[in-house]
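In the form predicted on its own, a lone chain appears below as structure tokens.
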């Protein structure tokens, strides 16, 4: 499947909205962008590497020239883009369980949105509006977002040990090194391909 690259899965969805609803959603996005505390639940879901919503007005799609006629669309469109770690089911389950209020606030302006709870109906909806991603960039495809956070913790601990090492005696360094290993042990994971889940 083209949506998977290492441990990273890309999900994109496009949903139609009646044009009179677009200004309401733009206002909601403005508030969400300026009130950082409203983003905290999304930030706390540490397996999400990237999530973005974009509104494209019905007259805002590009024309490639060469006599291409402008499209006569009835709806504006809400595009959702995300990269995450784990399976599609885990991602949608977490969205439904943790972010249901925010999802409903954003997607309820889209046509035929059933709500993010119950999760089974929400998954059916996402399955209908999702489209495959042919290409996307991920800097560390064999590492999850948590792997990267752990690597920063290991590096910080190592830098601290290195800065103190020159001033330590042999036995003191042995103790410092043992403390370093014990401190970073929980952060030593394994990168590589994600396990296959059926």
Partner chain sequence: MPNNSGKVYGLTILSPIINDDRATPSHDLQIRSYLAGLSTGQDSPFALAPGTHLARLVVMDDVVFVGAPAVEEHLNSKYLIFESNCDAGPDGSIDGYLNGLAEHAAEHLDAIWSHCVGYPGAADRAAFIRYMKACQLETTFFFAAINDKSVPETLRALQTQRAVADFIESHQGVEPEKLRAEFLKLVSALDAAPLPTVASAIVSRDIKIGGRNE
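If you're wondering where the values come from, they're calculated on a predicted model, not measured in any experiment. What we label the rigid core is the largest C-alpha set whose atoms superpose within 1.5 Å from one form to the other. Positions refer to the first chain, counted from 1.
Heads up, the form predicted in complex with its partner chain isn't pictured, but that's what we're talking about next.
Next item on the list: Would you check, heavy atoms only and a 4.5 Å threshold, whether residue 83 touches its partner chain in the predicted complex?
Entry: Yes, residue 83 sits close enough to its partner chain in the predicted complex that at least one of its heavy atoms falls within 4.5 Å.
Check: Do residue 100 and its partner chain share at least one heavy atom pair within 4.5 Å in the predicted complex?
Finding: Result no; residue 100 lies far from its partner chain in the predicted complex.
Check: Would residue 74 count as a contact of its partner chain in the predicted complex, using a 4.5 angstroms cut-off between non-hydrogen atoms?
Finding: Judged by the heavy-atom cut-off of 4.5 Å, residue 74 is in contact with its partner chain in the predicted complex.
Next item on the list: State yes or no: in the predicted complex, is some non-hydrogen atom of residue 177 no more than 4.5 angstroms from a non-hydrogen atom of its partner chain?
Entry: Close contact exists here: in the predicted complex, residue 177 approaches its partner chain to within 4.5 Å, heavy atoms only.
Next item on the list: Can you tell me which bits of 159 to 185 touch its partner chain in the predicted complex, meaning any heavy atom within 4.5 Å?
Entry: Going through 159 to 185 in order - heavy atoms within 4.5 Å of its partner chain in the predicted complex - the hits are 161, 162, 165, 166, 168, 169, 170, 171, 173, 174, 177, 180, 181, 184.
Notebook entry, point to check: Does the distance between the two CA positions of residue 129 reach 2 Å or more between the shown form and the other one, the core being superposed?
Noted result: No, the C-alpha position differs by under 2 Å between the shown form and the other one.
Next item on the list: With both forms fitted on the core, give yes or no for whether the Cα of residue 35 moves by 2 angstroms or more between the shown form and the other one.
Entry: No.
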